[in-house]
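First, one chain by itself: the form predicted on its own, in structure tokens.
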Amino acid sequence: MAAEVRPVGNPPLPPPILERGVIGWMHANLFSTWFSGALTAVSCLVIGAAAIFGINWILFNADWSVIATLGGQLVIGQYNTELACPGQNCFWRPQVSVLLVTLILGMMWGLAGGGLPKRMGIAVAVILSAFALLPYSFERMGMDVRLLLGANIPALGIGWAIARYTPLGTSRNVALSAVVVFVAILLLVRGGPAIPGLEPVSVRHWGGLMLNLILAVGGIAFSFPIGIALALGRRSSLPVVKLLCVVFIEVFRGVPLITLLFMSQVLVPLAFPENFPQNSLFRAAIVITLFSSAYMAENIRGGLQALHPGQAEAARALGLPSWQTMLFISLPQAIRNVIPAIVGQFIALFKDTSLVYIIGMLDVVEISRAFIQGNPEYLASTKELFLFLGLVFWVFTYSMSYVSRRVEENLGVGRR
């Protein structure tokens, strides 16, 4: 047997301390040069000072009582007032709507088996249930309200069980269930002829964050397929179809949304008889959807143009017709390539819903502005209120960005 050969000499030395661990990372990224070190020091001083003053103001100087005073108005606006709902017994409708949304999130969790749907569902259910513990008196927030809020956690579990142990646990059925739930929410909140036996609540009294979310969800759900159709029409070889799509896209991209909203309320009724039922919410939803569709079409068209022509040529070589080539090969790759632009348009659409104030609708921002204007004693708390609103919008927009990044990671965007 050959003798074991031992290395001769001392063992290799570890890397220098400035090249390993936290110190190595700081040296490479923060203090690699004198200029980088100076910039890091100045940035730390500025951030530290801002943090000290900001935390001191938030904890000791700011007056957040205006948010507690507004309370549920930030969520549902004037929906449960005596003017909108005689007897003020409509409070349960938005809460049941939220339970239906949590149920769908539970079904998505059960379908996916974990991952992002699980984290989203648990976060939403826990946060909504935590609102039941707000320190309001029972005169302002009764036990029935708290029980409906706390029921979001069981609703999440029921949705998970439905997807796991019933035939509804398929992608198609969950998608159809989400559509049915959205329509059911609109009918439930509206009441009256939509659901006999429920007191009708005019859309004039819909407001708060509920109004922003309804417009955003409806706009996102419809602007995406309309945008795809417009993008394909603009690339069509049929001159009339292409011209109509180009005119639509350029007109809606060239006019500010606030102008379109104003025109929808002032000019559109002139084209109908005086006794024709007018619905400001429906017109606003259509305008927001069409406006977003024009931008969505250009995003999709950019994704289609970025594809190598060899993709379509290979499909034609295999004998696939043009519609199958577009539907199963070109379009999925184009959408995959422009996911950041698509989600960016969805975020812009959600923020643009606050512009409905121009047509007299009381979204969450307009409710806050009107409250401050009508209650001068809270004028000093304006900055606290609008900082809170900024945080609310940031939570929703960051959530969409987070979902977008996770989808990109799962699809391998940017990797081969």
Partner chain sequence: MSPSLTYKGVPVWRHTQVIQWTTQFVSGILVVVLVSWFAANMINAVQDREIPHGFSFLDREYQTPIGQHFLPYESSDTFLYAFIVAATNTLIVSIAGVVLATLLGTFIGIARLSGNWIISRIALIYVEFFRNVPLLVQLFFWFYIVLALPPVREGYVLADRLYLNNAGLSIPWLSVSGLGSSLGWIGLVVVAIVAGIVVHRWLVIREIRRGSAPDPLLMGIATVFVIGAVGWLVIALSSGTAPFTVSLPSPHGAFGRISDGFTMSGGLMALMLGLVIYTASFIAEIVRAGIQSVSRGQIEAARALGLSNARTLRQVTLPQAMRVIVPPLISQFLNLTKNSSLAGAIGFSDLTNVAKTMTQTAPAVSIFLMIMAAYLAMSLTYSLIGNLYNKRISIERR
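Residue numbers count along the first chain shown, from 1. Treat the numbers as computed from the prediction; the structure is a model and nothing was measured.
Keep in mind the form predicted in complex with the partner chain is missing from the figure; the text below concerns it.
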Tell me, out of A229, I195, A317, V240, which residue has a non-hydrogen atom within 4.5 angstroms of the partner chain in the predicted bound form. V240
Partner contact for A50 in the predicted bound form: the partner chain, 4.5 angstroms, heavy atom: no
Looking at the partner-bound form in the predicted bound form, is W64 within 4.5 Å of the partner chain by any heavy atom? no
My question is simply whether L244 lines the interface with the partner chain in the predicted bound form - judged by any non-hydrogen atom within 4.5 Å. yes
With heavy atoms only and a cut-off of 4.5 Å, decide whether R253 touches the partner chain in the predicted bound form. yes
Only one of 147 to 155, 89 to 97, 258 to 266, 110 to 118 has residues with a heavy atom within 4.5 Å of the partner chain in the predicted bound form, and that stretch is 258 to 266
Within 4.5 Å of the partner chain in the predicted bound form: all of S36, K383 and L389, by heavy atom? yes
Within 27 to 59, the residues that have a heavy atom no more than 4.5 Å from the partner chain in the predicted bound form: A28, N29, L30, S36, L39, T40, S43, C44, I47
